[in-house]
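Given as structure tokens, the chain that follows is alone and in the form predicted alone.
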Amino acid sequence: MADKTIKDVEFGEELPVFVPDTSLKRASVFASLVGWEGPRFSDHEKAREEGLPGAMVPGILNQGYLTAMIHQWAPNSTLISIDTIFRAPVMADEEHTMKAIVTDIDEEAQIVELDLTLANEKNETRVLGTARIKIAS
């Protein structure tokens, strides 16, 4: 994939849709790696016993996937910030899609702002946010 420059970016441009791995296995392994062992990320039935609708995908894994989506679109970019709002849990073993759209371009500073969304298969927005990235000219 060719490097993207700030001049290649268009206002309103939509990034390619990204489908993250939201499997229970991925959520469980990731949670364990970051020291978050527990049923809320590894066992649907036990998570339900805790009052949750099932096992969830850790929020920081979702942020990592959003970052991966950005870097697939602009591999040479540098993430300056990512700010997310978790409106509802991202449930493990359910298909989700991530989307982003360019909402601001500062060519002089080489900064691009993106609006981000993560939705489930019912098209319910579970996570939304913004990211600021730097892309060289």
Partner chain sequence: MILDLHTHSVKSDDGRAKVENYCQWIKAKEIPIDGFVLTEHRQYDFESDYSSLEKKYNLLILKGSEVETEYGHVLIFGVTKMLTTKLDFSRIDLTLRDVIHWSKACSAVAVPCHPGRPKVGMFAHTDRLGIPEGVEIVETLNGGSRDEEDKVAIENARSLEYKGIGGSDSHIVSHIGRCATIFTEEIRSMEVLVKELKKGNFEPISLRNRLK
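Everything numeric in this text was worked out from a predicted model, so none of it was measured. Numbering follows the first chain given and starts at 1.
Although not depicted, the form predicted in complex with its partner chain is the subject of the following passage.
In the predicted bound form, no residue of the candidate spot (A68, D93 and A119) has a heavy atom lying within 4.5 Å of its partner chain. In the predicted bound form, none of the heavy atoms of S81 sits within 4.5 Å of a heavy atom of its partner chain. Contact check for D104: a non-hydrogen atom falls within 4.5 Å of its partner chain in the predicted bound form. With a 4.5 Å cutoff on heavy atoms, E124 counts as touching its partner chain in the predicted bound form.
At a distance threshold of 4.5 angstroms between non-hydrogen atoms, G129 is in contact with its partner chain in the predicted bound form.
Shown without its partner, this chain lists V29, L52, I60, I85 as candidates; in the predicted bound form, only I85 has a non-hydrogen atom within 4.5 angstroms of its partner chain. With the partner omitted here, the stretch from 72 to 80, 34 to 42, 96 to 104, 52 to 60 that lies within 4.5 Å of its partner chain by heavy atoms in the predicted bound form is 96 to 104.
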